[in-house]
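Quick heads-up: it's one chain on its own, the form predicted alone, in structure tokens.
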Amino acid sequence: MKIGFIGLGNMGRHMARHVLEGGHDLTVFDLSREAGRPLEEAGATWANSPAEAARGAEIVFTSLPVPANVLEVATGEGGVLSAISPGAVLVDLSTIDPDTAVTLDAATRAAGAHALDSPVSGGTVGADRGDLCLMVGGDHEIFERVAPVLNLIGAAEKLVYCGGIGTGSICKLANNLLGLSTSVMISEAFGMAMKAGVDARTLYNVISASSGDSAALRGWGTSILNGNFEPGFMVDLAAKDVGLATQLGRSLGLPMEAANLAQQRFIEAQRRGWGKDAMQAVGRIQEERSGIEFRFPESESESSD
């Protein structure tokens, strides 16, 4: 198939590579030409605009930071919908709110094409391996049409049809709210236990073998506990996603007390200048409060030298 892919950041570049490796005719676009060079070298074609990436494509993917970017790339001047082919499918892989998904769907239908919201989960590691979870909202017939290509990005058992347009985004916001809020609680648990005298490795081993285990804890094991703040998933994006979840809660008239607290913690991490760090950097706030760095014992790194 002829496929366009727009947005070659930490996630998009891996997903686009899997589409290319699947044997498809891939055209790519990003604000940074350098981001596209590895894909060009592997056989992809560079486009000079979103419209050029979409022209003649049967499927167009977008993987972008925030909802406003998605709408701008789709509906703005030189955007995808100015050139999309009748009957083509626009698949947005970004984390957006359901209202934006509905708006995108309406604009895409007006252009004679189809839209799916298909946010992903699994981080850069999952994107690199090609075993992401994809949560898809939209027309089921269109979902089935593009499923073989989606399976290049994610594991078949993790490709989930969620319902009508916007339901993929709702599921993604619920998932990220849970995982990101858990990371805030992990920082408080480590601060408490380490202040009371337990070292980070012992605590990590206990929790990972007990009911407190989670993907968020394993993220801590590769990030803050090793002093590694390279993203991954940035604090800025974490603040955005939790904010979208609390926004959805407000629109439904639901109290979201714990979510609001988690959002404020990520906003504080942004205020400290950690927005481009891995999202586990939010734990540094609790490090300061406890007066202890959340790190595995130095003897571990010494023994591995």
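Keep in mind it's a predicted model, so treat the numbers as computed, not measured. One-based numbering along the sequence shown.
Although not depicted, the form predicted together with ligand NAD is the subject of the following passage.
Among heavy atoms of Thr95, some come within 4.5 Å of ligand NAD in the predicted complex. In the predicted complex, ligand NAD lies within 4.5 Å of some heavy atom of Ile6. Contact check for Ser290: no non-hydrogen atom falls within 4.5 Å of ligand NAD in the predicted complex. Remark: Phe29 counts among the residues lining ligand NAD in the predicted complex, judged by a heavy atom distance of 4.5 Å or less.
A heavy atom within 4.5 Å of ligand NAD in the predicted complex is found for exactly one of Gly179, Gly191, Gly130, Gly123: Gly123.
Screening Gly232, Gly164, Gly79, Gly221 for any heavy atom within 4.5 Å of ligand NAD in the predicted complex leaves a single hit, Gly232. Stretch 57 to 65 is the contacting one of 57 to 65, 265 to 273, 37 to 45, 245 to 253, since its residues have non-hydrogen atoms within 4.5 Å of ligand NAD in the predicted complex.
The candidate site formed by Arg17, Leu90 and Leu150 is entirely out of contact with ligand NAD in the predicted complex, as no residue has a non-hydrogen atom within 4.5 angstroms of it.
Along 234 to 266, residues Met234, Leu237, Lys240, Asp241 each place a heavy atom within 4.5 Å of ligand NAD in the predicted complex.
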